[in-house]
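As structure tokens, one chain now follows by itself in the form predicted alone.
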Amino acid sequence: MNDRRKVDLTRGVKGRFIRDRLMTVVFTGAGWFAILFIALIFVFTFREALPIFTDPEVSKEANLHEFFVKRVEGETIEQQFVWQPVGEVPKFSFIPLILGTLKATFVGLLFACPIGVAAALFSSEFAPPKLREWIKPTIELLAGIPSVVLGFFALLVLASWLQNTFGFTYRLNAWNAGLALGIALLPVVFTISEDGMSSVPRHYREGSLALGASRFQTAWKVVLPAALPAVFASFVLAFGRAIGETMILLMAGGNAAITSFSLSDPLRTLSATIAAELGEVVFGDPHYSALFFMGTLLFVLTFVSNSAGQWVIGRMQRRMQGES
């Protein structure tokens, strides 16, 4: 009887060990497959953009030196930096597109980050339990709204309201596009920040209150600093989402590739340009290579921002744990 139990126990241990090994192999393979898939996308995008650097005819027709800097005497900055891929003399300066992307991202983060963090702080520290059960799902529900719906709302409603309220010359401008983008970024900032604040140990709050601090002082000077890595992570993810957003900016930004630092002027972003022009471009044309170069640039920009964000978050976490 004892020998049979030992055999059954041995078989059970071996079975669990085999299952654990099998699941480890499956999960590891899935992770490597995801990494490989992303790497292949990047390689394909870079390969299609490569002729703009290696083919002399394509590089000459694309006027590669106009991508970033071209000084021409007697011309304004708007005339020097132009994205005009169709015409007798194609111009492929990326300056207006990069500038438009940065303007929309700046306005979107300016709107979403303070409101998202404030809402997360209220939900985790001040809201009654019943109200908290409604706040978080309601804000997170915004993440399920298609970006084309937000763009449609900004195009028909938000643009007219902003123009009537602030007297903008153009209905579709950086403010309109950025605010609509901020609505899409708000759930990202709120969810990650709120989770970080909720995970702060309870004895931090109890110790602060025991020393005579108010609830607001505890939330502002204890909970928020303790949750800074999560808050910063939400900003990094929101930045990556803003850089790659397409439909909202295509519909609400005015779709004008002009070099202007004013937030009240129309704009056009890198991703919106790819979406608007890739379907009609000639395969192998310099314009085709330029659009894929934009995709490569977006890949690199997102990768660099996420890597830098992870590095900063790691340093913040080590510093909070007392490590050097």
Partner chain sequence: MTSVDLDTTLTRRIASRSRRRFGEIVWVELLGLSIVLILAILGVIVADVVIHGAGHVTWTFISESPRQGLTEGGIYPAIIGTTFLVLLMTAAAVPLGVATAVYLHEYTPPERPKQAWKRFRAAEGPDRRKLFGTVLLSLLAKVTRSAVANLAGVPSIVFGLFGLGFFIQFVGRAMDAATQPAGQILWGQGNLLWAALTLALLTLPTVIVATEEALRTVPPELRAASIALGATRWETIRRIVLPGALPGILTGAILAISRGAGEVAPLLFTGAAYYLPFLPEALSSQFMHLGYHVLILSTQSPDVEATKPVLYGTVFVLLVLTFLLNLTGVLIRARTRSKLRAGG
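Numbering follows the first chain given and starts at 1. For the two forms, the rigid core is made up of the largest set of C-alpha atoms that agree within 1.5 Å on superposition. This is a predicted model, so every value here is computed, not measured.
Not on display, but discussed next: the form predicted together with the partner chain.
Checking 96 to 104, 178 to 186, 161 to 169, 81 to 89 against the partner chain in the model of the complex, the stretch whose residues place heavy atoms within 4.5 Å of it is 178 to 186. Checking Leu109, Ala230, Val236, Met247 for any heavy atom within 4.5 Å of the partner chain in the model of the complex turns up a single hit: Met247. Of the heavy atoms in Thr28, some are within 4.5 Å of the partner chain in the model of the complex. For the chain shown alone, Phe44 is a contact residue for the partner chain in the model of the complex, at least one non-hydrogen atom being within 4.5 angstroms. The partner chain is not shown here, but in the model of the complex it comes within 4.5 Å of a heavy atom of Gly295. Residue contact with the partner chain in the model of the complex: Gln217 places a heavy atom within 4.5 Å of it. Annotation: in the model of the complex, residues Phe53, Ala256 and Phe261 none come within 4.5 Å of the partner chain through any heavy atom.
Along 140 to 157, residues Glu140, Leu141, Leu142, Gly144, Ile145, Pro146, Val148, Val149, Leu150, Phe152, Phe153, Leu155, Leu156, Val157 each place a heavy atom within 4.5 Å of the partner chain in the model of the complex. Core-aligned CA deviation for Gly279 between the shown form and the other one: less than 2 Å. The Cα position of Ile38 differs by 2 Å or more between the shown form and the other one after fitting on the rigid core. A movement of the C-alpha atom of Phe27 reaching 2 angstroms or beyond is seen between the shown form and the other one when the two forms are aligned on their rigid core. Distance between the C-alpha atoms of Ile192 and Val312: shorter in the model of the complex than here (change of 3 Å or more).
Relative to this conformation, an increase of 3 Å or more in the Cα-Cα distance between Ala34 and Ala242 is found in the model of the complex.
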